[in-house]
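Single chain ahead, by itself, as structure tokens, in the form predicted on its own.
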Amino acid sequence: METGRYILRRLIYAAIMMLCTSAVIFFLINSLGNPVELMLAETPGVSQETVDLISAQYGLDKPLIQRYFIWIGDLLRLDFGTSITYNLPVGGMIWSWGLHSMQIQIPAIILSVAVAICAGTWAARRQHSRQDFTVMGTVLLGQSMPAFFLGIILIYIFSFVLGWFPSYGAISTRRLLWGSALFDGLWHMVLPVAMISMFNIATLTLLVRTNMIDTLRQDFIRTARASGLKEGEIIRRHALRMVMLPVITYVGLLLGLMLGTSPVTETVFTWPGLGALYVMAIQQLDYPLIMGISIVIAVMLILMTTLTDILYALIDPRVRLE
């Protein structure tokens, strides 16, 4: 009963946050002015009648408040409008380009969690040793290095010097690797996934190491050792469960932001994902596309944060009492 009330309360908060976020996105973006006028301002020979006609076509001739409620109503029907630049449904563009973003983001998150748990636990069990200092130095270097600079280094070493992996795109334009679109796509994914993973591994490894050190000092761990359990079994059965709580929170944020944090990676590797589309939409002042991508990123973040809180409460019942 208490768990149900907690979940219901979190869902109500999420709905309120989505509504408030949609208002901020809409009014902030539309405060810049009429996008049609801005796009055609420097185009010679375009009359005001043409501008008014195009504006009416996209509903820009209506009052701002009315346009907001029309936009919200369309969103509830999963209608994100039509792109001004590409004259295509925004929803379809978000779906197709978003899938490309998730192709590199989801494998990077899975790889980051797996490596960070192993490295962080290994370093925590050898605190203040040479191995611990090596892990700490490596992850601190990974955290301090700008993402775009790391991507350029990967391209230079593994693409231009060694020639192992392609430096741009999601698929070869001339000849597929081994004649297979699947293998060719995986081949192109290696460097973008590596770039995303390295920064996430650094942050997650520090998180796992810090929490593992604190957990291994707890009384229940001493009791488990006194009962004769092996160290590896203690880590797997007892310590990791406590360590995974902050990791779940961080991974939830990564999943919620995976579309919003992709522009740098996709720009460096010319990857045709939602982040690259977002940058192009901003450059072209494509309001429907900007608002559509913005609301998708915001909703994903709110949903993943809410799901993380619910999962956190199911794992640790003390959360529901706070």
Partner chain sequence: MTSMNDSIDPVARPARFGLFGRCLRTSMTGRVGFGLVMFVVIVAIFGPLLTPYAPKDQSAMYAVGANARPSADHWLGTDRLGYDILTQLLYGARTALVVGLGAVLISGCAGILIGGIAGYRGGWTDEVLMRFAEFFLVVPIFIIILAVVRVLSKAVTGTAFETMPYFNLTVIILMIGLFGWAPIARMTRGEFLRIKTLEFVQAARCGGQSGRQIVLSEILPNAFPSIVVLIALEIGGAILAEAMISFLGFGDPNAVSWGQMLYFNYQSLKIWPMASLAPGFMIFITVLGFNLLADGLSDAANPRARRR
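Positions refer to the first chain, counted from 1. Model, not experiment: these values are computed from the prediction.
This next part talks about the form predicted together with its partner chain, which is not shown.
Visitor: State yes only if every one of G59, W71 and L75 has a non-hydrogen atom within 4.5 Å of its partner chain in the model of the complex; otherwise state no.
Guide: No residue of the spot touches its partner chain in the model of the complex.
Visitor: In terms of non-hydrogen atoms within 4.5 angstroms, which of the given stretches 134 to 142, 184 to 192, 87 to 95, 103 to 111 touches its partner chain in the model of the complex?
Guide: This holds for exactly one stretch, 134 to 142.
Visitor: Contact between L255 and its partner chain in the model of the complex at 4.5 Å, heavy atoms?
Guide: Judged by the heavy-atom cut-off of 4.5 Å, L255 is well away from its partner chain in the model of the complex.
Visitor: In the model of the complex, is there a heavy atom of its partner chain that lies within 4.5 Å of any heavy atom of Q127, even though the partner is absent here?
Guide: Yes, Q127 sits close enough to its partner chain in the model of the complex that at least one of its heavy atoms falls within 4.5 Å.
Visitor: Would F158 show up as a contact with its partner chain in the model of the complex if we use heavy atoms at 4.5 Å?
Guide: Output for F158 is no: heavy atoms all beyond 4.5 Å of its partner chain.
Visitor: Just to confirm, I297 within 4.5 Å of its partner chain in the model of the complex by heavy atoms?
Guide: Residue-level check for I297: yes, a contact with its partner chain.
Visitor: Residue by residue through 271 to 308, tell me which have a non-hydrogen atom within 4.5 angstroms of its partner chain in the model of the complex.
Guide: The stretch 271 to 308, when checked against its partner chain in the model of the complex, contributes Y278, V279, I282, Q283, L285, Y287, I290, S294, I297, A298, L301, I302, T305 at the 4.5 Å heavy-atom cut-off.
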